[in-house]
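We give structure tokens for two forms of one protein chain below, kept apart as structure 1 and structure 2.
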Structure 1
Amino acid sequence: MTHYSDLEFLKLSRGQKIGYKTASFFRSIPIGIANFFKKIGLGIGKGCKAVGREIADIGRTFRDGDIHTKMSFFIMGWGNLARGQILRGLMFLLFEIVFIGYMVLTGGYWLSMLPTLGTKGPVKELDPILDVFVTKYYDNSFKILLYGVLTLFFIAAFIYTWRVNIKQNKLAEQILKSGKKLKSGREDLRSMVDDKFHKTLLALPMTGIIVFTVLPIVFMILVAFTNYDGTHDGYYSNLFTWVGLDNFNTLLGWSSGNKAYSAAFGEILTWTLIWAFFATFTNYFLGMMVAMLINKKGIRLKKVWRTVLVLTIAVPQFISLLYVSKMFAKNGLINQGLMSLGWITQALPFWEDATWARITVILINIWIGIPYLMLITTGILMNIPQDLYESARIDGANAWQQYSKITLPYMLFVTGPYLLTSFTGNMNNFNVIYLLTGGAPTNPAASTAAGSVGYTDLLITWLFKITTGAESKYYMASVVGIMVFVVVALISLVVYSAMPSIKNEEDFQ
């Protein structure tokens, strides 16, 4: 593709400019993906070098350290206690005691069972007292996986704390050799609410993020490599086991055999991207237009128009969308009204035909989304300097030129990140699709896969169906969740790097 300089680009016609920008965007997609994997490779390389430096430093510390530093390699906090830092030493020692106790009592068991996820499931055994067969439960695959992952996190936390302990002893030894005095326990406590207060504040939130966000994500990813479903619940019926990449082979069609899942995934992914595109940009531009019309000089009752629009989002979607779904049904209010007026002779297939259903949900989503964008863009439009418009009018610019050269670039600069998050949110917009159509109409070509796939199903609604059906294929839902993340991450990476607010950050300063 020909690359134009700034001067050559200005000489192009409007159509040529649009074509050049479009081609540049699509050309940047493979480059962005390649750069993404390149950065991953560089990050892995830097990480390996950092680990190597840490190992070398640990070796030097043990070689050159005194007896207290060497003892701290085996008994955490020894050096701090020996040098008078009682509080630090006790905290390190207590952590090591808790870790060893946990590993001896339960952690070692969970870790040893993690490779198999259990060896003995529920069995029926004869109760000699009652003289009947009763079910006895033994291993629990779900607990083994959960507590096994938790144990791995605890081990990682111990290794990190052990390394901090070594660094603290090395530093304390150097401070004493230089003739300076070490901080006392009281000074450490004062430091926690003074110069290191930011660490004190962040400690609890970071722990919460790791326990309630990172740990569940890791658990969900690992489920994708098992056969965890309704018939293999891990305890009450059968244990579940590791299956490697079999689930990914099934979803992506890498292996020969049943292609139902791969066909369903391709169909739903395509519609999800189409839906997300139209749901995002129709709301964006129409919401902006409504805000511009209401803000236009001469428009009366501006507060009334804004209030009317806001009422559509004041009512909970659970109520409004279910009601609208019934309105567009075959025997609903819309069809009955059109037939009574004589405009149609038979009911329109709003939810029965695939094309009609897809167009209808996009149009209804506009009704839902415009008020949000109207409120967002109203504030932004008020902040655009009016001098720009006055100068443009003096130079002879018409309304479209003012919009395309002043309003739109300013809006895209400010709301670029919002557009990206809105696109991501629409890819996972469960409410609109599930409450309006439930995924209907059914797609016969893809419905052999679990969940009764419909033409309006998004990946998120399909994932819901997979997990709530009779088979409850949690492993496949986990694989779908991972693929959703991959798609969203790649789109976000490419689009984010191409945003005006990122590339030309100084333009509107």
Structure 2
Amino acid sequence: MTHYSDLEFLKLSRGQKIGYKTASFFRSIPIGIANFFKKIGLGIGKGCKAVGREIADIGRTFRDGDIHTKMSFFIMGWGNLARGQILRGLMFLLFEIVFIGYMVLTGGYWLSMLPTLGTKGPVKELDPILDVFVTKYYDNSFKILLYGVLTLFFIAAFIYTWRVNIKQNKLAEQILKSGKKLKSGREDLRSMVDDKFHKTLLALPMTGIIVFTVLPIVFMILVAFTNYDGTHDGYYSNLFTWVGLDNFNTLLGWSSGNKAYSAAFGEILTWTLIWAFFATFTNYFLGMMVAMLINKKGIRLKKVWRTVLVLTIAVPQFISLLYVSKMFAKNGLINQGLMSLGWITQALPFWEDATWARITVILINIWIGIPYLMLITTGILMNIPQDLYESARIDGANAWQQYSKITLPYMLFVTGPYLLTSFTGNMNNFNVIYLLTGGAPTNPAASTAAGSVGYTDLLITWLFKITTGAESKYYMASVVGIMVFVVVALISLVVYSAMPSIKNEEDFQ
């Protein structure tokens, strides 16, 4: 494909321009992905080099260091204590003691059990005193996996701290050699609210994120490679164990005999993407229109109109969604009302028919979503320089031309990143789908072995159903979750690399 310069591009006819733009968008997809993997490759290369440098530096430090530095390789904090930094030294020492204590007492056990996730499940044994059979519990796969991961985290933290300890020794030696004084404990504490203030501020949020997000996500990714479910809960019923890629095979169906999951996955993924597309763009354009309507010159009571719409945001979503869902039900207000008016004789199948249900959720989502978009776009619309419109009017541009040549490009430019997040947000829009339809109507073809699957189910509601369903197939939920991540990440990657606000940052400045 030929590449046009800006001037050549302007000479093209309208059709050619559109064709060129579309082609170059699709051309940019593989390039974007390739670049991404190239970056990853370079990153790994850089990482390896960095590790090499670190090891070399550690070696040099040991060779050139004095006795205190050498001792610090084995007893963390030794150097600090010897050089008078009591507070730091004690912290390092304490950390080492806790770490070694943990590893000896329990950490080693968890780590050694990690490859098997436990070997001895619950057994019925004859109790010699009571002379009855009682169930005795032994290994706990869940705990082994959880504490195994935790121990790995702990080891990583220890290695990092050990490295910091060595670095500090090297630094302290250099400072003392140059005749300066080391920081005292008091100064250390003071730097916590001064030049090290960011570490203090980040401590709490990052602990929360690591314990409640990173650790669970690592755990759940690992669960995708096990058979952890309701009947293999790892302690009370049966142990669970590693199964390799079996679950991915079940979901994607590359060689498994049972295609139920892969069929359901295909259907749900397709609908999820369709839903996200319509939910995002209907809201975007209609919300922009409403905002422009309210902004229109000569319209009074602007505040009133806005407040009416904002009410939908203010009322907790579950109330409005559940209520509207029942309004459209078979015997709900709308059907009963229309029947008593004599307009229809049979209830309209809002939630009973697949196509009806899909269109209805999109329509109701417009009702939910327009107010947000109205708020967001109002501010941006007012920021568009008015002289652009004035000169367009002087040149004789009509309203549509002004919209399509000024307003829309400007909006797309500014809200590009928002559109992307809103698309991925809609893919995971649990509340709207679950509270409106619960996934209904049921899709009998896809539901056979994959639990109950509905025509309006998104991947995220499917995940929820798998988790809370009768069999609680946690491992399948986990695979679906990973798939959600993969899809979201791919879309973000492709769109992000093709987005004008990233590519041509200066266009509107």
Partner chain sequence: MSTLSSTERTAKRHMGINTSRRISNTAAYTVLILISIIWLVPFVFIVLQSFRVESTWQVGYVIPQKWGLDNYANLFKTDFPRWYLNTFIAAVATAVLQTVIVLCMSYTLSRFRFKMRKPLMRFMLILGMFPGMLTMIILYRVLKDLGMTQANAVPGLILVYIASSGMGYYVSKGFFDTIPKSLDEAARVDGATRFQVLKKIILPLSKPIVIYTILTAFMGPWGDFVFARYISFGTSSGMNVAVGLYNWLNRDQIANNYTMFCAGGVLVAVPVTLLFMCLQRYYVEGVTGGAVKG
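Numbering runs along the sequence of structure 1, starting at 1. Note that the coordinates shown come from a computational prediction; the quantities given were computed from them, not determined experimentally. Think of the rigid core as the biggest set of C-alphas that the two forms share within 1.5 Å after superposition.
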| item | value |
| --- | --- |
| Pair member which, unlike the other, is the form predicted in complex with its partner chain | 2 |
| W343: Cα shift of 2 Å or greater between structures 1 and 2 (core-aligned) | yes |
| Displaced residue check between structures 1 and 2: T151, CA, 2 Å or over, core reference | no |
| After fitting the core, G332 CA displacement of 2 Å or more between structures 1 and 2 | yes |
| Inter-form CA displacement between structures 1 and 2 at L388 - rigid core frame, Å | 2.3 |
